[in-house]
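This document opens with one chain alone, in C-alpha cells, the form predicted alone.
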C-alpha cells in the first residue's frame, strides 16, 4: 500500500465528505470523522493495517464549492500539515446551476472551477507526499441528463488536473456506474447526490483501491 507508517491523511470536500463530522477538526472519538466514506476509509485502515498508525482527518464542509475551499485552505489544509491530501469537490459548483438557476453568484462555472482547483493543487504539492483527486458525481443512470452531463464535464476537469499534476485520480462516477447497472439511482442516493451507506462504501472502496489497499491481507 502507498500509505506509510505514521502518516496523516486529510480529506476535504463538501457535505459528502463532511457527513456530520466534528467541528472544527474532524478526528478523534465518538464519530468525529462523520458517518460517510472518510470514516469507512479510517476503519479499514485501522482494521487491516493497524501497525501503520495512519491518522485520518476530515475537514469536509457541507455546502462548499471549490471557491469556499480556497477561502479556508490555509487553516484547514496547509496549517494541518498532512502527508496525504484527498480532495473531492464540485457537486455544489454544478448543483447550484440547476437548483437555483437565477442566483448566478452561487454558481461556479467550469473555467473558474478548473482554475481554482488547479491553483489549490499546485499550491499544495510542495507540502505533501501525495494528492488524491476524486471526481464529483451525480447518481443518475441517464448520461444525457443535463446535470449528469455537466457533472461529467467537471469530472473530466479533475482528471486533466490529476494528469498534469501527477496526483492520483479516483473516478467516483465510474465506480458508481458499475452499481447503477443493477440498482435504481435513488437506492444509492434519494436526491442523486447524498449517498446511502452503501454509496459511501462505493466511495471508500474506490479510494482504497487507488492507494493499493490489499483486501485479502491476513
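Numbering follows the first chain given and starts at 1. These numbers were taken from a predicted model, which means no experiment stands behind them.
Keep in mind the form predicted in complex with a further copy of the same chain is missing from the figure; the text below concerns it.
Colleague: Look at the stretches 105-113, 82-90, 125-133, 67-75 and give the one with heavy atoms within 4.5 Å of a further copy of the same chain in the predicted bound form.
Modeller: Only one stretch passes the 4.5 Å heavy-atom test: 105-113.
Colleague: In the predicted bound form, does each of 95, 183 and 202 have a heavy atom within 4.5 Å of a further copy of the same chain?
Modeller: Contact check passed for all of 95, 183 and 202.
Colleague: Could you tell me if residue 119 has a non-hydrogen atom within 4.5 Å of a further copy of the same chain in the predicted bound form?
Modeller: Although a further copy of the same chain is absent here, residue 119 would stay clear of it in the predicted bound form, with no heavy atoms inside 4.5 Å.
Colleague: Is residue 50 a contact residue for a further copy of the same chain in the predicted bound form, using a 4.5 Å heavy atom cut-off?
Modeller: Flag for residue 50 set to yes.
Colleague: Check residue 163 for me: does it contact a further copy of the same chain in the predicted bound form (non-hydrogen atoms, 4.5 angstroms)?
Modeller: The answer is no: residue 163 has no heavy atom within 4.5 Å of a further copy of the same chain.
Colleague: Does at least one non-hydrogen atom of residue 55 fall within 4.5 angstroms of a further copy of the same chain in the predicted bound form?
Modeller: Output for residue 55 is yes: heavy atoms within 4.5 Å of a further copy of the same chain.
Colleague: Sequence order please: the residues of 27-65 with a heavy atom within 4.5 Å of a further copy of the same chain in the predicted bound form.
Modeller: Residues within 4.5 Å: 27, 28, 29, 30, 39, 40, 43, 44, 46, 47, 48, 50, 51, 53, 54, 55.
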